[in-house]
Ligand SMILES: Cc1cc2nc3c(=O)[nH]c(=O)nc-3n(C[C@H](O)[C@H](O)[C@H](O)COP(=O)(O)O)c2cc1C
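Coming up is one lone chain in structure tokens, specifically the form predicted alone.
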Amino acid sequence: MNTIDTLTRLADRQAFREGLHAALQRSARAGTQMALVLINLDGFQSINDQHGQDGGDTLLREIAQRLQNLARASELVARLGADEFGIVCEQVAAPAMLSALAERIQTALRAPVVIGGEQVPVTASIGIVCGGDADVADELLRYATATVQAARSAGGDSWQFFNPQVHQRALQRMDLAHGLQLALERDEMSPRFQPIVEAGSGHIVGAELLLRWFPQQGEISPAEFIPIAEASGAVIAIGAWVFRQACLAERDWHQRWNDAAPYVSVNVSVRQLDDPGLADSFEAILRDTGADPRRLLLEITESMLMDDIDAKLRVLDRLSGMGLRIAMDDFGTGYSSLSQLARLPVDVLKIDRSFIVDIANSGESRAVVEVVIGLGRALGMKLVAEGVETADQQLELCGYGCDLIQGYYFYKPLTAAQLVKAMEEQAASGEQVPANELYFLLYVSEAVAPLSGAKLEQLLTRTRVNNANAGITGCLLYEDGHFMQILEGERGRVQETFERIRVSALHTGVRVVMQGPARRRMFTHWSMLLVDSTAARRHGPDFKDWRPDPMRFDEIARDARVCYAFITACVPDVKH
């Protein structure tokens, strides 16, 4: 019987099991320690897809040679199948020997392998099990497999020793992976649709399809099963099923509401994007269902583009060429450069919820959102904010010109029937959810007495905290005993803040120059600027030697347009 792997010339799986069994027996008789080291290459399938089977074979032969060179002459090295290798170590004096071996394996494998003239990086996930953890070879292999999976779940390119808790978690993951393979056959998957609405009106214009899994033991969270589907490869079949559900929903909704029907947004995982058959699969589903690709949006994440962006760009270009629209999900949390973003056929940017949660109170979050929206506008993209849960968050997003909103403030994920009901109620009532009104107020006044630097610093510190808590942004200017200030925020809070300011003993002659609804915020924080007429504080010429009679704030404010232009021109100078 052949006990040699023909590709690598290492021992094959059967020879390895026999050698492992013999090593366990020798270890037990001699009272010595033995161990099993299991090695799985990270991302081998992607390398095989990219370079073909010949390239994959070249890689495996090179890895086999490196492992053979690392092992002692008495140690058994084998290829167990696909990209899995094993080493049986006998007469292990201390765990440190195994740690050192794992480190040497990692270092050796990290050296790129040349395939077709190209240097291909390689990493591995390594599991180490000592013989005392099991008396049977097959059980030892199972423990090692669980430990490798734990190392891979931690991000790969790492090694771990076996422990029972890791093994139990791995068994659970294996059960879920097996269940996922049968989930579609058992009709356990179900779509949910979270509406996407116009930022100002709350009018439903789209919906993101979210997958739910209901096996016999009860619903399992997507946060738990999606990573397992990715790792096991089940996401390919599941992703095709999800896309078909999106297409069927699009056809149903279009027949019901014609051009008023919501578009359908669906997530595409990195494993799907690396699948060479993805575009063909989606094209066939579009053909079978008759769905309108222009009303389907594929969501990808920034982090998906870190590896081999050119290959992914070719896939995205083909999908876009089929009429499908592309959205970049969780924008702002990944690593894509502006040059990459400009190359991609992206129609929509989705602002990550991590920037939305504090937007009502954090100037930093507002600044990020403002920049992302400005970038999207410059590139001709639509903007969708995720995770909107409060009226204040909606107000801020409207204030910065965000197009669309998605989150629990408007709708939780709905069944298909519930979404149809929400759309019909919207059509019947014609009512739209009113947005909180963004408001501004601009006033001028005169200080009762000149304010020292210390007094101004106290005013700045106190007011900055109070206005941040109230969600007020804007700017206070002080020059030659005169104040000019603009306040921005929710109408009630702006008016309440101004009432406190109006009765302050610090100033007199308070005069409102203009107030009313604002289309957007001009400032991301509230700040104070001391205008020094003797020095060049703003960008531009140095006016310190120019000494005609300066115009005071109350004189500038005689023309509301000039006053507004003056204070908003201070935006670049405001120190946040």
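Everything numeric here is computed off the predicted structure, so don't read it as measured data. Superpose the two forms; the largest set of C-alphas matching within 1.5 Å is the rigid core. Quick note: we count residues from 1 along the sequence shown, nothing fancier.
The same protein has a further form, the form predicted in complex with the named molecule, not shown here; the description that follows concerns it.
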| query | finding |
| --- | --- |
| Residue among Arg500, Arg72, Arg314, His178 with a heavy atom within 4.5 Å of the named molecule in the predicted bound form | Arg500 |
| Selected contact from Gln245, Gln149, Gln485, Asn267, since only one has a non-hydrogen atom within 4.5 angstroms of the named molecule in the predicted bound form | Gln485 |
| The named molecule contact at Asn466 in the predicted bound form, heavy atom, 4.5 Å | yes |
| Arg462 within 4.5 Å of the named molecule in the predicted bound form, heavy atoms | yes |
| Touches the named molecule in the predicted bound form: Ser504 (any heavy atom, 4.5 Å) | yes |
| 4.5 Å heavy atom contact, Leu476 and the named molecule in the predicted bound form | yes |
| Segment that reaches the named molecule in the predicted bound form - one of 353-361, 477-485, 199-207, 315-323, heavy atoms within 4.5 Å | 477-485 |
| Rigid core superposed: Ala240 CA moves 2 Å or more between this form and the one not shown | no |
| Did Glu299 shift 2 Å or more between this form and the one not shown, C-alpha, core superposed | no |
| Ala417: Cα shift of 2 Å or greater between this form and the one not shown (core-aligned) | no |
